[in-house]
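For reference, the chain that follows is the form predicted on its own, supplied as structure tokens.
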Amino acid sequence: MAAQVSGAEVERWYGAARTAAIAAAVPVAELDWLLLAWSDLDRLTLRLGTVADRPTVTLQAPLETLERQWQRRLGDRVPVQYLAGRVTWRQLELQVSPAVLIPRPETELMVDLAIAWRTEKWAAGALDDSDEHWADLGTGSGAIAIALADAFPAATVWAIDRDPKALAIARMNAQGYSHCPAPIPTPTPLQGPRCPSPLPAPDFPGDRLQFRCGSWCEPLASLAGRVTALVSNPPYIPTAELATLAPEVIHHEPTAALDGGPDGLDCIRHLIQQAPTYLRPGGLWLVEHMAGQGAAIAELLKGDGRYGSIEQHWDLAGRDRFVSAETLVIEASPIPPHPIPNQSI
């Protein structure tokens, strides 16, 4: 319930909250983020320190509720993105909850790599936009899938996740997508770890942004051998390293989206084995990984024998972050079962 609070009262709370943030070694910028998300204040007002000049400030809830949320950040180390309920990623404003990983800035580069690859193939006449299919495996919040749909207006983009709660958030995020002419209803929550496929398609022009619930490539069975590109930000943290992660991550973000098995590569091995069944010859395989895993992934791709043009890519901090490859052949064997759960950003 919205609440009207005097600017002076908000200013007093803000000052005390800043002091508490500094004492708890929490960036003050996170306090600004939360207050801006919960109020009608703007960043300039905070920067100039003129909140007290406002006769009233509109809050989404009473100031006491905002204080309880801030204490959750300080005491329970809940990520501020979950408290605010949203995050900005590329040009998108995305809803987030503990059902999905918080999209990271470095993952934005995956979209740039995809755009660069498609631009090169388009210039070479190697793509047919009448039958172009991109898939974001483990879509989580839908960030990658929605960004790809925005970048490639002629392509069909498939957003796939095994978790129906994550997929519901992805669909809600697509509701604010600039090319979407009508709201997308949130699907009825489904019980259990699996859900039927397909889910009802969203109302995008030409149904070109599709949401499917299932494990990895399973929902793409009808497209075997025709998929232009498979991209994924899969779980890649070695199980033994999970305990070393920041409390904001290990205690609040979904563990299934983090745990990559003993060496962090379980899901990536699975994608290497599975992808050629679905990709067209020369199709793109692109994954994000933990720094230091790139060389091992490149060796796995080489050892598989069905991939060429294998490349490692670095993030802006100079860390190996992505590996891309292209399929040489399409496997004709039956599609195997896929027990490994998937979820990404």
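Just count from 1 along the sequence shown to find any residue number. What you see is a predicted model, and the numbers here were worked out from it, not measured in a lab.
This protein has a second form, the form predicted in complex with a small molecule, left out of what is shown; the following refers to that one.
To test your reading of this chain, name the stretch in 238-246, 80-88, 130-138, 220-228 whose heavy atoms come within 4.5 Å of the small molecule in the predicted complex. Correct option: 130-138.
Here the chain is shown alone; which of 114, 92, 257, 174 has a heavy atom within 4.5 Å of the small molecule in the predicted complex? It is 257.
So in the predicted complex, does residue 215 come within 4.5 Å of the small molecule, heavy atom to heavy atom? Because a heavy atom of residue 215 falls inside 4.5 Å of the small molecule in the predicted complex, the answer is yes.
Applying a 4.5 Å heavy atom distance criterion, does residue 101 contact the small molecule in the predicted complex? Looking in the predicted complex, residue contacts with the small molecule include residue 101, since a heavy atom lies within 4.5 Å.
Using a 4.5 angstroms cut-off on non-hydrogen atoms, would residue 210 count as touching the small molecule in the predicted complex? Judged by the heavy-atom cut-off of 4.5 Å, residue 210 is well away from the small molecule in the predicted complex.
Does residue 162 reach the small molecule in the predicted complex, with heavy atoms at most 4.5 Å apart? So residue 162 counts as contacting the small molecule.
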